[in-house]
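In structure tokens, one chain follows: the form predicted on its own.
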Amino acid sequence: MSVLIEETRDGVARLTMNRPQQLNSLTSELCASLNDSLTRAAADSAIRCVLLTGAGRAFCAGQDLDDIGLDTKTPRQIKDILEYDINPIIRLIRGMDKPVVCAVNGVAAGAGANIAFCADIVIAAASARFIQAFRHIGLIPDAGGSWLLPRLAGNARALGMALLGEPLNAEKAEQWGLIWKSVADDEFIDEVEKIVSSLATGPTTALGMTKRAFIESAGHSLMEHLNLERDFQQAASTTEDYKEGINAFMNKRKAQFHGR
């Protein structure tokens, strides 16, 4: 049975981590599959949105400690796991010029939580929990967590999450600005489909530029960023989707974007 289920439908690459008995914890095999699938999705112009979720009752419980080989004479080095398995996933999600949605269906712990937080839109079932579990095994937040959390939730809340390692429910994660939305469990699937459908039928180039502009703003002054906005807006205005959007507005109809 594949550790990652991949389905492409209606412009959406749907990736489901599929180790439900292990709470979809990360192994080198699962990370390699995620990296391959995300790389293909980034390069495929027919894919206009990526959805990442987990099978069973968890989104992802973080690194599978058994996969490190701690009971062997040559356990894997943590730095190698980060460099070759996990960090490429973060780089692909953040660097992709199309929206990535994480649908957090259950517990998201350690690197699993931070993979979710690095997505462009995070929607969580009300029963989901986010845990910075690193302190419980004597490690620091990784998978971008020590960079993402202060920017999303503020330094005080980020440090509290990291230093105490207490579970954070989906409702509070929404209130703190860590995720886009928390929804009732029985409404979760419908809401996820509504979001990915909206993104997959949107002006893909402009959405990708919007994502890049927000990410790059962290390293810019306002004056620098005004130049980036100018250049991105000029590029967006040359797309077929811009022409369609203007035409639809003038004719008082809904735009039919094709991602061109």
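Position 1 is the first residue in the sequence shown; the rest follow in order. Treat the numbers as computed from the prediction; the structure is a model and nothing was measured.
Here the subject shifts to the form predicted together with a small molecule, a form of this protein not shown in this document.
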| property | result |
| --- | --- |
| Joint contact, I90, N155 and A162 to the small molecule in the predicted bound form, by non-hydrogen atom at 4.5 Å | no |
| 4.5 Å heavy atom contact, I78 and the small molecule in the predicted bound form | yes |
| Proximity of L139 to the small molecule in the predicted bound form, heavy atoms at 4.5 Å | yes |
| The small molecule contact at K98 in the predicted bound form, heavy atom, 4.5 Å | no |
| Non-hydrogen atom contact R57 with the small molecule in the predicted bound form at 4.5 angstroms | yes |
| Answer option from A61, I47, C31, L38, heavy atom within 4.5 Å of the small molecule in the predicted bound form | A61 |
| L168, A125, V107, A119 - the one with a heavy atom within 4.5 Å of the small molecule in the predicted bound form | V107 |
| Interface segment, criterion being heavy atoms within 4.5 Å of the small molecule in the predicted bound form, picked from 144-152, 173-181, 125-133, 186-194 | 125-133 |
